[in-house]
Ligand code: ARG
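Quick setup: one chain, the form predicted alone, written in structure tokens, and binding and motion questions come after.
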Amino acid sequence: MVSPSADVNSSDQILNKISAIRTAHPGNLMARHFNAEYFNALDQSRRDRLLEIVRTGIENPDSQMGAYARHAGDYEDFNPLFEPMIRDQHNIPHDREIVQTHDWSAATSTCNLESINAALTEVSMRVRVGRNLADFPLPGAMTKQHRLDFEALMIPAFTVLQNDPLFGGQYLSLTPGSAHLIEEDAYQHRVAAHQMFKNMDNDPYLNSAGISSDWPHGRGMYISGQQDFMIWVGEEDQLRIMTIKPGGDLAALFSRLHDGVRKFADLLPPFAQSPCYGYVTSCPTNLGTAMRASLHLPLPNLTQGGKDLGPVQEAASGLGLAVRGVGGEHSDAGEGGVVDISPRARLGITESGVMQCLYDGAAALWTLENAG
């Protein structure tokens, strides 16, 4: 058994390390908001739990958030740490109550990029939501048996979807020995096509958080026969439900996702939700709608032929958008200055609000692109 004095020394070392990270990496929100007085007031079991939550931010000082929830109740149990981080990330003032509402009504509206410009008819569009079942730990705390049990629970639901004329498809498992196992070459093809998630074992942030543990057991993907509706199993959240379509009709994209989410949710136990934080997710960045909506927009002028994302990122910031290269974070613009744009807001905005922000932002950037 560790002596009390050793516990104190260990705690001091941890607090000193977090303090050093705060100075060297001010963008690490965990380190920025970590309160030593609050930590020291916790009993040892809660300290241990909290350290597991922030482990990724300690072992990876360049983390943006620096913390992953491991259980749905963590956001309430450790609210003195999480709430300042969440407010900072989601730009919610301290005098404003955090309340999440949901509204998909804009999915029935007319919201088409063709009305911005007739050339925007084959834009790559994607929208996804994260979901976690209340009956299971979040992925960072799931055991190998949890992961296998979770996948086993999904397969009967996928079987029902397979018989649906609009969402029929197949489940492709990465679990060794599964009756639904996808071959390695086919898996890599799906990864290259941006349909399937990459080997999580190569991600140091997810490794530290425990999210990538037991790879590849309990992981897989359902994909519709139309290849436009997918459900990831066992990634950063237990489920990532998404629609990918070329075109310009954002309302149709959101409507397709909404219909799929509702059909699938009816086949499952309840999702984990919070009155103030909305859908509970592993990463605090995804709380609220748990939605990321994006499209690939060609902006050769604003990106200087794809060489510089700085000007478009600056312009997009004022529109509530994040901009990155077509290969994801830290990548460059694609051929013809194609960039990935997406609304930053997840929490305190509705699903309809996310779609409208994406449409309005695309229109504003297109105007700037063609202004001169």
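Position 1 is the first residue in the sequence shown; the rest follow in order. Source: prediction; values computed, not measured.
Form predicted together with arginine: not shown, discussed below.
S.K.: Given that the partner is absent here, does E236 sit within 4.5 Å of arginine in the model of the complex, heavy atoms only?
M.R.: Within the cut-off, so yes.
S.K.: Does the 4.5 Å heavy atom contact test between C283 and arginine in the model of the complex come out positive?
M.R.: It does: once arginine is placed as it appears in the model of the complex, C283 has a heavy atom within 4.5 Å of it.
S.K.: Indicate whether S63 is a 4.5 Å heavy atom neighbour of arginine in the model of the complex.
M.R.: Although arginine is absent here, S63 would touch it in the model of the complex, with heavy atoms inside 4.5 Å.
S.K.: Does arginine get within 4.5 angstroms of any non-hydrogen atom of Y205 in the model of the complex?
M.R.: Yes, Y205 sits close enough to arginine in the model of the complex that at least one of its heavy atoms falls within 4.5 Å.
S.K.: Within 4.5 angstroms, counting heavy atoms, which one of the listed stretches 36-44, 66-74, 311-319, 334-342 is next to arginine in the model of the complex?
M.R.: After filtering at 4.5 Å, what remains is 66-74.
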